[in-house]
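For reference, the chain that follows is the form predicted alone, supplied as structure tokens.
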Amino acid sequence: MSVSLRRLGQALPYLLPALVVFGLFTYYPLWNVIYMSFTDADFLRAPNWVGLDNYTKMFNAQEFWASLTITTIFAVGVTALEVVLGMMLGFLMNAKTRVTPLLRAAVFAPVVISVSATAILWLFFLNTQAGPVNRALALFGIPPIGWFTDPKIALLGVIVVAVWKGVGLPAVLYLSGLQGISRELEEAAIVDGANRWQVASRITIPLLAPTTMVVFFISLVGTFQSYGLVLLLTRGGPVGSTELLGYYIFENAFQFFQMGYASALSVALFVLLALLAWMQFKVSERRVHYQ
């Protein structure tokens, strides 16, 4: 018996529990979803094999393409804001002041708040008639804004809530990245005559490129999978203006009981996310440099 096989035999008892858990809760559900995407599965009867019918229906459905477009806009908006605001908050949290611990707690607190509590909070703040935000705007003569009721504004309202809840994690990641940068590089640049802005733009931010790629990937994948906030804030409305792909899948699975079609949508989302991950890793190999 070779040395590699002997080592594998020794490690297998330690790996087996984790492999069993992954098999039961990750790979089996994934395989089951792929199988159901080729059937007319629902909650009422045994599924029948329908081949590519669900995928044909998906690519011909106007609702699918509209949902994908809305999801793309939502993902780009949330990801861009979380990258920019996360970096800015990371710089603020890295400053050594008396209020830094309080700032760090305040920035990260929304991350640990449940989705339902977040929705209740923002439904109050952005209420069209009595919300504090619209009341403050009324002081400047601005009429009430239907943050979750106006088809032209509703997606922006959901983006605002999603960024408020999620930006704490990018901020902490950027804080960790900043603390990993050697102070000697910045001090050397200052000695050579560089000002604070030049140090940040030419040394610190480029060195944060690995962190930026991680934040970008986490935010992008998270937004494409979002449906909880939409479910609680707008239920995809008004007039389908906030029907993200995740909510579209939920709607077809648990409201219309079209499990086969919802599974096909889930497989399409999985392939899309895998493609985005592959593209990002390719970009990071060429453009991201580590210290």
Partner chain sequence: MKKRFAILAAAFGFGGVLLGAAQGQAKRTEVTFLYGLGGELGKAIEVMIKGFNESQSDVTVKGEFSGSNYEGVVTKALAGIAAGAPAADILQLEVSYWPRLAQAGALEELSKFDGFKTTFDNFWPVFKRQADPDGNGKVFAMPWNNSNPVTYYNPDLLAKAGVKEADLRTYTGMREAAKKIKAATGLPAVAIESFPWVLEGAIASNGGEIVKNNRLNMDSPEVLEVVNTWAGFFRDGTAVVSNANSNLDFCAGKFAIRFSSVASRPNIKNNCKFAFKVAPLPYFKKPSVPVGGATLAISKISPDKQKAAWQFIKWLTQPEQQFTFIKMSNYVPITRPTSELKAFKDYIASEQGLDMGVRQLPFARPRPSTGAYFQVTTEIVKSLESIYLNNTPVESTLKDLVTRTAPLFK
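Small disclaimer: the values here were computed from a predicted structure and weren't measured. Residue numbers count along the first chain shown, from 1.
Note that the form predicted in complex with its partner chain isn't included here; everything after this is about it.
For this session: Determine which one of 47 to 55, 234 to 242, 22 to 30, 218 to 226 lies within 4.5 Å of its partner chain in the predicted complex, judging by heavy atom distances; exactly one does.
Result: Comparing against its partner chain in the predicted complex, the contact stretch is 234 to 242.
Exercise. Any chance all of Glu63, Asn127 and Ala130 sit within 4.5 Å of its partner chain in the predicted complex, going by non-hydrogen atoms?
Worked result: Every listed residue reaches its partner chain in the predicted complex, so yes.
Problem set entry | is_contact(Leu68, its partner chain) in the predicted complex, heavy atom dist at most 4.5 Å | Leu68: no contact with its partner chain in the predicted complex.
For this session: Spell out, yes or no, whether the shortest heavy atom distance between Ala189 and its partner chain in the predicted complex is within 4.5 Å.
Result: No.
Exercise. Do Gln258 and its partner chain share at least one heavy atom pair within 4.5 Å in the predicted complex?
Worked result: Yes, Gln258 is a contact residue.
Problem set entry | 4.5 Å heavy atom contact, Leu123 and its partner chain in the predicted complex | Yes, contact at 4.5 Å.
For this session: Sequence order please: the residues of 11 to 46 with a heavy atom within 4.5 Å of its partner chain in the predicted complex.
Result: Stretch hits, in order: Asp42, Phe43, Leu44.
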